[in-house]
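Next up is one chain by itself, shown in structure tokens, the form predicted alone.
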């Protein structure tokens, strides 16, 4: 978001990272997007969606934007952001200088302002960013060696503890490579070549429920040195069990750095390593319609490309404002590029699910419903098929009493003939299995923020605890981890 690196014969944008989520419209079908992602709903395939987020949801993806807390009071800005997008990234408010300006003194007021604004509208949020050579507070810039290494670990733990169970993903490490594929000679690199691995392992221990991503610019061209350097690191991490779930390609296209012909190949090759890919900071010089449509279609063509985030709402909000690189002009009007992206999203079919975690079971297209807070599955006790049996949390075991299918009529079925059923519509009403009857108390909306809400009640599936045997109920939605579930 700041630097422009110039290499002989080409202009390369080196940006600092920006932000991303919003409410997905619910409808007929769902695609699971990876082991840690929330369930994403797909509207009726016969009806074209009218907003970017809803159109992306049809194929189980998100379409997000970066948001600045200081602009949320601008009604045009906030109206567009709340209407069009289903993923939100904090532009600067969750970066190290913003969250820990003094060592040991964390402040989350601006980050929380964005998080609360988003979740109140049913939008998901990505965290950006935890470990980065830029936008470090002054005290961190003055450290080195083991002191800086410990400060990085403490920062990751402090920030992730505050947002534990709340965010869809974190950009754990940002922009750690040079253009030739070597490591950037930053103060963090000076603490030892394993610093990125340490950051990811620390992040996984701090919050097992969120996706952990590496994020960088100029890694869109498969033949480019930087792309290969990042690819080799991800391949190494996956081979050694270092916890990494996704790669973010910033996708800043400007001047000589335009949409490469092998962009889809790059996405496919990263995905083949067993990680999700996402376009995290998209902006394009003069909002080229062909480039916007092309990058969108490339993502849609790769099942593990889970979403796209543009870096700002209107051209006037962009860090590249003079290049008019976004989908809305300065007055908030939709540009031609907007229509090209919306058309591409509406033309996409359902996306296959990302691979389930090793050892999981997916019989007959069914999947587990896993609590974000507990890591346990929604389970029918003793594999009962008796009407009125209340469901519970239990250790995931791959058996048929934990295998659920979301049907086109929004029922969650088990054993093929029993439906997840709300015994009432008020707070605390039991959730049970019952013979499927097509009534509203057996219909569920599966939302982009990970919640599952009853069509009849509008309330969320909810658990009060995390242990085996904890019973499931419905309750007013509150955005907490005990009301978030994923399908795997």
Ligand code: G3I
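Every value quoted in this text rests on a predicted model; they were computed, and no experiment measured them. Numbering follows the first chain given and starts at 1.
Keep in mind that the form predicted in complex with the named molecule is missing from the display, and what follows is about it.
Asks: Place the named molecule on this chain by superposition, using its pose in the model of the complex; is the pocket open, or blocked by 3 or more ligand atoms lying within 2.4 Å of backbone or C-beta atoms?
Replies: Transferred pose: blocked.
Asks: Does residue 174 make contact with the named molecule in the model of the complex, using a 4.5 Å heavy atom cut-off?
Replies: Yes, contact at 4.5 Å.
Asks: Can any non-hydrogen atom of residue 117 be found within 4.5 angstroms of the named molecule in the model of the complex?
Replies: Residue 117: no, not in contact with the named molecule in the model of the complex.
Asks: With a 4.5 Å heavy atom cut-off, would you call residue 135 a contact of the named molecule in the model of the complex?
Replies: Answer yes; at least one heavy atom of residue 135 falls within 4.5 Å of the named molecule in the model of the complex.
Asks: Is the gap between residue 218 and the named molecule in the model of the complex 4.5 Å or less for some heavy atom pair?
Replies: Taking the distances in the model of the complex, the answer for residue 218 is no, it never comes within 4.5 Å of the named molecule.
Asks: Within 4.5 Å of the named molecule in the model of the complex, do 128, 250 and 319 each have at least one heavy atom?
Replies: Yes, all three are in contact.
Asks: Name the single residue among 214, 292, 270, 311 that comes within 4.5 Å of the named molecule in the model of the complex, judging by heavy atoms.
Replies: If I apply the 4.5 Å criterion carefully, the residue I get is 311.
Asks: Within 4.5 Å of the named molecule in the model of the complex, heavy atoms considered, which of 100, 209, 266, 92?
Replies: Only one option qualifies, and that one is 92.
Asks: Any idea which of 92-100, 395-403, 292-300, 231-239 reaches within 4.5 Å of the named molecule in the model of the complex, heavy atoms considered?
Replies: Comparing against the named molecule in the model of the complex, the contact stretch is 92-100.
Asks: Going by heavy atoms, what in 182-199 lies within 4.5 angstroms of the named molecule in the model of the complex?
Replies: None of them.
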